[in-house]
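Okay, here we've got a single chain as structure tokens, the form predicted alone, with questions on binding and movement later.
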Amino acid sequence: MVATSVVSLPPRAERHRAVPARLLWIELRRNVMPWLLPIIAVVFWLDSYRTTLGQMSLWSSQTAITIGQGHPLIDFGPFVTGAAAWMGSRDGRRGTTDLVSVTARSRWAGQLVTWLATTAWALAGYVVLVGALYAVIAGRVSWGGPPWWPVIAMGAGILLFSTVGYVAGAVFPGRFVAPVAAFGAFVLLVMSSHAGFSDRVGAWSILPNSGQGGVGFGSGIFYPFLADLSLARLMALVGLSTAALGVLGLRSSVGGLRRALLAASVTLAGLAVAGTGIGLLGTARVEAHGVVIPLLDGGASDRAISYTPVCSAGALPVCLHPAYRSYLPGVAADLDPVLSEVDGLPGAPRRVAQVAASYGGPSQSATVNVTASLPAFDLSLGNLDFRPAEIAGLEDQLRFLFLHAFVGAGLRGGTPAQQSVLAALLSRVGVPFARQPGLLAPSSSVTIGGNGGLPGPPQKGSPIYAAAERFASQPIAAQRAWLTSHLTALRSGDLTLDQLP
């Protein structure tokens, strides 16, 4: 009698669950995306990493440009789209579409497994690189925490590029679909980056690299990082990705009613979520503390972060946010000459207080509040560069901001008389005419506090320049006497160049 062995098979349900896991593992191992991650890492280091660490050691400064303007998405987007398109076109390129269509599992299910493996590799690389970047930033700063919602929204952007690339490859299989899809993603990202600055909360704000990431230079310091814009983007991007997968299912479910209904339901659900997100983006508005969407705000934009300022010693204290503690001695020393210069004049400030930078306005600005019981100089440091290599220029900018506010010059540069007095006073406090670029230029396009710092080249020989030299040549006593009598008229803009001594 011959002994026979009986092979016991696992229950059908267990076999049913094991097959997708095995397919996913195979797709993860055979995917092209891991081979591109080292290249993406190099691009990320050259762009996002170096751009971030070139800013001030504050969470807001470190993330306002890189995360706020979606640099990681730009670094990942074209590569992810191209890799996904290559994987999506695999069966079509190899002529195996009919072969895989007759398997026990639906064609759509097999495609979803391949798409999932490609997207998983892309998101894993994104999490590792951005996580390493945040770890480096955390070791450099001592106040507050990082913005997470913009990072999550960018992850949804990578999800969308992976999905669109895969669907494009599946619908248009061929050798050239991957480079064409990658180039298309690159063009779209470039257009979004440029258009987002002019169309701040319009259609281009869907992509997280549109120039409006909700991260300002006061975010996380004076007021919370607002999540409104990121939440709406997350809804729009995830919804569009879901709808694209549903369209792929509709195309792959010909002849199967149940699968077609499921794919249609997925498509409609994705469109509904995307439409809701896009509709919310349409209600966004730029406010002082960031981009606000009324239905998502919940009053967060009105909540200020409480803190106890750190102040310098002396009769005229300089008070800064504790995040700027290490910069306090330098700021106080830079402002000391101008505080002494205007001491005793009408409305001279008796204290200096740092205020929040406006998200939708100048990144650095200054005002002198002469109507308060204790006249104050309210200073917004914004993105002034406190790095050691830039300290010399910072000294001039701080003194410029103070005197610019003291003479009453507005965001457009002030009247010719205000510009002349401002230039003369700056020359008295260690900023000679040669180091006052654009200060004397009577340009209506001059804005104080823009990304370029002090505007334009000076125009030596102009009436403003001549009046400034004439005023600076007066004895100190004569200058102070004239300012005491005419400072109010100067601030109101009523004086002309001919009325300067």
Partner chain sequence: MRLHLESRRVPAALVLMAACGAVFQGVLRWPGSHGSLQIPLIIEAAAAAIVAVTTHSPFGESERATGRWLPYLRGGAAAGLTTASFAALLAGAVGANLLGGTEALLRDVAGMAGVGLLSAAALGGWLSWIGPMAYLALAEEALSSGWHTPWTWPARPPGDLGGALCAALVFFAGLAVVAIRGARAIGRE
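Positions refer to the first chain, counted from 1. Since we're looking at a predicted model, the values are computed, not measured.
The same protein has a further form, the form predicted in complex with the partner chain, not shown here; the description that follows concerns it.
Contact annotation: of the candidates 65, 472, 36, 53, the single residue with a non-hydrogen atom within 4.5 angstroms of the partner chain in the model of the complex is 36. Checked against the partner chain in the model of the complex, the candidates 194, 285, 303, 325 yield a single residue with a heavy atom inside 4.5 Å, and that residue is 194. Residues within 4.5 angstroms of the partner chain in the model of the complex, judged by any non-hydrogen atom, belong to 186-194 and to none of the other stretches in 225-233, 152-160, 186-194, 126-134. When the partner chain is considered in the model of the complex, residue 46 lines it closely, a heavy atom lying within 4.5 Å.
When contacts are judged by a 4.5 Å heavy atom cut-off, residue 82 counts as touching the partner chain in the model of the complex. The shortest heavy atom separation between residue 307 and the partner chain in the model of the complex exceeds 4.5 Å.
For the chain shown alone, residue 403 is not a contact residue for the partner chain in the model of the complex, no non-hydrogen atom being within 4.5 angstroms. By the 4.5 Å heavy atom rule, the three marked residues 399, 408 and 487 all fail to count as contacting the partner chain in the model of the complex. Shown here without the partner chain, the chain has 175, 176, 178, 179, 180, 182, 183, 186 in 170-186 lying with a heavy atom within 4.5 Å of that partner in the model of the complex.
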